[in-house]
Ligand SMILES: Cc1cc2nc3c(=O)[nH]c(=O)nc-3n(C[C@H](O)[C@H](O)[C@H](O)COP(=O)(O)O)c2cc1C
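Given next, in structure tokens, is a single chain: the form predicted on its own.
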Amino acid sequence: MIFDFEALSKKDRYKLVVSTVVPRPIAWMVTQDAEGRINAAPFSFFNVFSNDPVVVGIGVGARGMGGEEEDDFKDTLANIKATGEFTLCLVSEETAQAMNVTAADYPPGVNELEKAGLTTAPSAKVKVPRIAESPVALECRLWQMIPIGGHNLVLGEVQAVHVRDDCMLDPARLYVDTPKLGLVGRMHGAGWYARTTDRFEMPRVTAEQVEARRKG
């Protein structure tokens, strides 16, 4: 079936996109205002888009257009504009319940991390702290902010990455034990998520190998 987005409402377009573009990695976006107050909210409109420099993108939108609360949406953007810094902390299965708590509808000024029983750890390159319980944390400085309809695409240049010690196979060679990170992804509907434990390996093939297979 084909769905003409020009003929659909915003809500219906959103429903189709989040039901088909899956799984989506989840990033806790931690920001800090000028007075040092911390805001944390999970976002699943998130991925990496460049490797030199390493730039990640997060779609920060209003409530119902990405899972975050409207107050978090406003606080997040205001804090980034004020400081130009943020951290992105990836969500594991161990921290999924805490992530769900931080997405709850708390009034402005409430520290969501405290409500979820999470703690912070200092960052190395930016002033904004990271979530200590997260197995991976990216320290970012604002690269660009692009308004897109009801969203803002926040592009951040990664300054440093923290990987939990026991998730490194060989630090000298930068070999990460990716399965041990236990990361989860956002799926469809109001509450579906995916584990990254169900995997299959498929080595990349060359054009010559493809042609050889076709010729039998």
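C-alpha atoms forming the largest set that superposes within 1.5 Å between two forms make up the rigid core. Quick note: we count residues from 1 along the sequence shown, nothing fancier. Source: prediction; values computed, not measured.
Keep in mind that the form predicted together with the ligand is not shown, yet the notes after this line are about it.
Mapping the unseen interface onto this chain, Ile80 falls outside it, with no heavy atom inside 4.5 Å of the ligand in the predicted complex. In the predicted complex, at least one heavy atom of Glu112 sits within 4.5 Å of the ligand.
Using a 4.5 Å cutoff between non-hydrogen atoms, Ala104 counts as a contact of the ligand in the predicted complex.
Taking the partner from elsewhere, Ile26 is found to have a heavy atom lying within 4.5 Å of the ligand in the predicted complex. With the ligand omitted here, the record of contacts in the predicted complex names 186-194 of 153-161, 186-194, 48-56, 167-175, defined by a heavy atom within 4.5 Å. Looking at 28-46, the residues that come within 4.5 Å of the ligand in the predicted complex, counting any heavy atom, are Asn39, Ala40, Ala41, Pro42, Phe43, Ser44, Phe45. Remark: with the core as the superposition reference, the CA shift of Pro108 between this form and the one not shown reaches 2 Å or more.
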